[in-house]
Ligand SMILES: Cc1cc2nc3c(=O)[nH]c(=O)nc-3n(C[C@H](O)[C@H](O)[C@H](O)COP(=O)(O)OP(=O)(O)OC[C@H]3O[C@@H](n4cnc5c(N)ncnc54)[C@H](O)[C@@H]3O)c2cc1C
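As structure tokens, one chain now follows by itself in the form predicted alone.
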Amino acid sequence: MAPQVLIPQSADEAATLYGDGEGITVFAGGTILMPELASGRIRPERALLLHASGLSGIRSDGGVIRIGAMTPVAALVDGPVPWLLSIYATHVADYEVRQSATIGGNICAPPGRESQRGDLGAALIALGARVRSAGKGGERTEAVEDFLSGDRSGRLVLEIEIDVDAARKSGASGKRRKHAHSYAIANVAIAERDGELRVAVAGVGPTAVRCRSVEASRDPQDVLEDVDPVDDAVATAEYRRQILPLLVREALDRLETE
């Protein structure tokens, strides 16, 4: 039986139709979902298509940069966003994927079977970004790291918020597998504002992680207290453990004023 197709015309309507997410398959950019549908691994009861929901675009409002969940990753590359987010967007997959993939989809990406996803998570955590979402219990706004570590299954991402002055200095480092889609082995993002350091790692496990041990000690080796790398088709967990402290050191050395 064909799924019921829902096409909201506004953010409010999208949130209403989504409800608590029960039986809903959200269709954003489709870069992850389409292969799953084609293979038959996903058979949606109701499909929520967000292309007409008005959830796309980047705007500045009262010292806060607001990025709609449907904003393509490509729009972040040269868009009015912090350098740290832009540089990570530049390296997500390839040009075609960046044109379709969305920032909301990147954040909500489920664990991959052969590689890790959610490349933008490290930059967003380092920048102290917040996620505004709707779902069971209504609308809420929370830190990206809290959203990623919690139960996201019943949440519809509406918007990402980043303070305009989120970082005075930023540093980035990473290692990727050379491929048409540029798979991440490990990504490190660091931002500093008024002496406060925020460190995050992505590409080594199912979600990006904030590295509070490194923030407290500024010792790159402490990153292994915060993350638990996994094996996949891109790299082994042991290899990730070996290179992570080196990447953290590199990112710390690269801290530059924005």
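Residue numbers here begin at 1 and follow the sequence given. What you see is a predicted model; the values in this text were computed from it and never measured.
The same protein also has a form predicted together with the ligand, omitted here; what follows describes it.
Colleague: Even though the partner isn't displayed, in the predicted bound form is H91 close enough to the ligand, meaning a heavy atom within 4.5 Å?
Modeller: Looking in the predicted bound form, residue contacts with the ligand include H91, since a heavy atom lies within 4.5 Å.
Colleague: Answer with yes or no whether V81 is in contact with the ligand in the predicted bound form, where contact means some heavy atom within 4.5 Å.
Modeller: Flag for V81 set to no.
Colleague: Does A143 reach the ligand in the predicted bound form if we count a contact as any heavy atom within 4.5 Å?
Modeller: A143: no contact with the ligand in the predicted bound form.
Colleague: Could you tell me if T207 has a non-hydrogen atom within 4.5 Å of the ligand in the predicted bound form?
Modeller: Judged by the heavy-atom cut-off of 4.5 Å, T207 is well away from the ligand in the predicted bound form.
Colleague: Given that the ligand is left out here, which of V223, I67, A191, A28 has a heavy atom within 4.5 Å of it in the predicted bound form?
Modeller: For this set of options, the contacting one is A28.
Colleague: In terms of non-hydrogen atoms within 4.5 angstroms, which of the given stretches 215-223, 229-237, 31-39, 193-201 touches the ligand in the predicted bound form?
Modeller: Residues of 31-39 come within 4.5 Å of the partner.
Colleague: Just to make sure I understand: among 107-131, which residues lie within 4.5 Å of the ligand in the predicted bound form, judging by heavy atoms?
Modeller: Those in contact are C108, A109, P110, R117, G118, D119.
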